[in-house]
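Before any questions on binding or motion, here is one chain by itself as structure tokens, the form predicted on its own.
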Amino acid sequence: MSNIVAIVGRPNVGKSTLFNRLLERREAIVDSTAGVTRDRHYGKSDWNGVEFTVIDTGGYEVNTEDVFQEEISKQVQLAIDEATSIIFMLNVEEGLTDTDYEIHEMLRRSNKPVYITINKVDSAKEEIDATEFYQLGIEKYFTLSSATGSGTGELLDQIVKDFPTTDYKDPFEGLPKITIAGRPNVGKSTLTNALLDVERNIVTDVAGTTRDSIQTLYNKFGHEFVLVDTAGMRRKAKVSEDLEFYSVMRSIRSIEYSDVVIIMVDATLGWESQDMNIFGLAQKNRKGIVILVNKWDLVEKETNTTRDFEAAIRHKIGQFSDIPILFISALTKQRILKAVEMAMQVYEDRKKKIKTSKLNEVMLPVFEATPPPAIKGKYIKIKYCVQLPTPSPQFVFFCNLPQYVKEPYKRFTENQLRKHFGFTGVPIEVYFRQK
């Protein structure tokens, strides 16, 4: 069982800055807009050789008109429930507030080790100002500057020392990583919550609620993988604020580090240019792809509605058409388990390795029956083929005149590989080389 440290506090006291410092990279989004972190966000850190998980939570507020606050409060409570230890972060510049008292009372009831941490303490004067926080009725607090890192060592020394165990096993290591991507408000978080049967992500009817990419372990019905819910990806022209820019960058990085990308499409809007951009990004990075058409329950259907919708998508994605397309409703949970099964099948196909002997046994007769077109009287003979030891399927075909093999024949070769060996939903790279 890993040790988990949750960072809790009011908005804008520096929780995400500390989170990033503990992870030693820009992982949570940091912005001067209060309430930037809405969902719980996880990262892995270590101190003096002891590894632990850190949770960055949304800012906790009371008596606010923010539409997200009720949901954020739920997320904070879930983080507290999961945590081994809690860093309660306060801000010396603003001093004690009524909300701080309420959070402290909530944490006291949790019966977890709570480390009162006063942020933005950079001078002797601020050290004196911090004594105000003794009014919480506490015996000890820690002062630090999460921006510069001063004071974090003493805090971490104490936290690690108090851990009930120092054994850490990363539950995500070696597991398939499946990323849910799509435009804002297509239902990515609703799907995540439906699959997990828990309110892991905040879901409201406001587009773009999820700003961070969130990783969760899925282990049900014989499948185990890491599920990544990403921020909605808009076109660059519509990304105006820095905050949104970082969210989109996070989504792109999530796709780059995933094995399979589930592209969610809003059935009421159809396949749009931004869906094509996400598809292109996944394809360029050689990821497995599954397309889910969500909100299918809201579409009025006639005899051929499903067939025509699927045909329209396949027409737009062009040559790489061997991709599973499923019609689902994340809200009613219609066909969501089928989506999981399909994503795992694509994962297995992506890592599939064909024995060299089998590859040659199948493909060489194909090339003999349908050889590449002769160029200027010169005949191309393919003599041997191998699969490269790469994360996604790549094949090399050795022949006498590789420079004369044109794109249509490369597509023919790819289609023959799919016909004989599968590779559903997986980009295939085909190379012709001199033998």
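Only a predicted model underlies this, so the values are computations on that prediction, with no experimental measurement involved. Sequential numbering from 1, following the sequence displayed. Take the two forms, find the largest set of C-alpha atoms that superpose within 1.5 Å, and that set is the rigid core.
The following text describes the form predicted together with guanosine-5'-diphosphate (GDP), which does not appear among the structures shown.
Though guanosine-5'-diphosphate (GDP) is absent from this view, in the model of the complex it lies within 4.5 Å of a heavy atom of just one residue from Gly151, Pro113, Pro324, Pro184, which is Pro184. For the candidate set Glu310, Glu348, Glu93, Glu82, a heavy atom within 4.5 Å of guanosine-5'-diphosphate (GDP) in the model of the complex is found for exactly one residue, namely Glu93.
Contact check for Thr179, Lys287 and Ile380: none of the three has a heavy atom within 4.5 Å of guanosine-5'-diphosphate (GDP) in the model of the complex.
Under a 4.5 angstroms non-hydrogen atom cutoff, guanosine-5'-diphosphate (GDP) in the model of the complex lacks Met363 among its neighbouring residues. Contact annotation for Ala147: at least one heavy atom lies within 4.5 Å of guanosine-5'-diphosphate (GDP) in the model of the complex.
Using a 4.5 angstroms limit between non-hydrogen atoms, Val13 touches guanosine-5'-diphosphate (GDP) in the model of the complex. For Leu331, a non-hydrogen atom is located within 4.5 Å of guanosine-5'-diphosphate (GDP) in the model of the complex, even though that partner is not displayed. Only one of 127 to 135, 297 to 305, 151 to 159, 339 to 347 lies within 4.5 Å of guanosine-5'-diphosphate (GDP) in the model of the complex by heavy atoms, and it is 297 to 305. The partner is not shown here, but in the model of the complex the stretch 99 to 132 reaches within 4.5 angstroms of guanosine-5'-diphosphate (GDP) through a heavy atom at Asn119, Lys120, Asp122.
In this overlay on the rigid core, Gly151 has a C-alpha that sits 2 Å or more away from its partner position between this form and the one not shown.
Core-superposed comparison between this form and the one not shown: the Cα of Asn294 travels less than 2 Å.
Once both forms are fitted on their rigid core, the CA atom of Glu126 lies 2 Å or more apart between this form and the one not shown.
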